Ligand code: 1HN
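One chain follows as structure tokens, the form predicted on its own.
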């Protein structure tokens, strides 16, 4: 045990080191090297009934021509006002009225759109028209030009997610606005998207960028069919991973997507992982326990699962489907992925 004189001497030495822009490892080793990941954010639930009332107001008060995107971002208050849903990820709902066009742009961060109430919308990605129907997943990979349009006679809403917080932490984002008046941007068909429309088949001589999926639209109808056919996995859920058809890996290097079907009345085995997840309730209702927190959810609600928290789920009154977006592929590439199942 250090004497008062020794402690004072050590304190004086540390002060001199700090004044010289040096830090001693010995007195802050535990802070710098914690024994396990410690998420600063507890899980959070955003109820659709609380979000929906703002969508009409956003349309009436925020003209689409005046903003880059008309999106309502889901924010966890644990981050002290930062625009963050969970570590490395944000989620949002975007609203377009009939005739609205969300102008083209591109950026370094990866993003996805999942069609909740979006029948009649289309996303243009790198010159391909990707129609949006119930349960469809649309990718906008890094630095791909993209814009959105509502050509229906009704309001449309979809769920967005992106890895903006990760790119901000790395200070690696670039952004390029497009020409909002370039009408030819919108005058396209599905183009090369049809080259990737048949499961298990790839053109032998097709050149593609292997960093992200060359397929941008994943059919909700196909996802539901596969979920109905799959056996339960080790945790008790039926789970589909959206993959790059050219490599079999994640759809994008730092953004990963899954769909899960929870069987009625069965609780999945608790699982934790070093990655972060955001879950959209596609259909059904149920209850989740994440860490020490439990909450009930229903269709179009969204909840977060912060890293290294055990999470289990139970559907009630019938099967329930979840869409899950995560930063898992980033952890895979960095060899930092660790998972545990109770």
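Since we're looking at a predicted model, the values are computed, not measured. Positions refer to the first chain, counted from 1.
The form predicted together with this ligand exists for this protein as well; it is not shown, and the discussion that follows is about that form.
A heavy atom within 4.5 Å of this ligand in the predicted complex is found for exactly one of 271, 238, 107, 215: 107.
Between this ligand and the residues 73, 226, 202, 143, the one pair within 4.5 Å by heavy atoms in the predicted complex involves 73. When contacts are defined as a non-hydrogen atom within 4.5 Å, none of 117, 149 and 152 contacts this ligand in the predicted complex.
Residue contact check for residue 164: one or more of its heavy atoms lie within 4.5 Å of this ligand in the predicted complex. In the predicted complex, residue 136 stays away from this ligand, with no heavy atom inside 4.5 Å. The closest non-hydrogen atom of residue 90 lies within 4.5 Å of this ligand in the predicted complex. Using a 4.5 angstroms threshold between heavy atoms, residue 94 counts as touching this ligand in the predicted complex. In short, of 38-46, 63-71, 285-293, 301-309 it is 63-71 that has heavy atoms within 4.5 Å of this ligand in the predicted complex.
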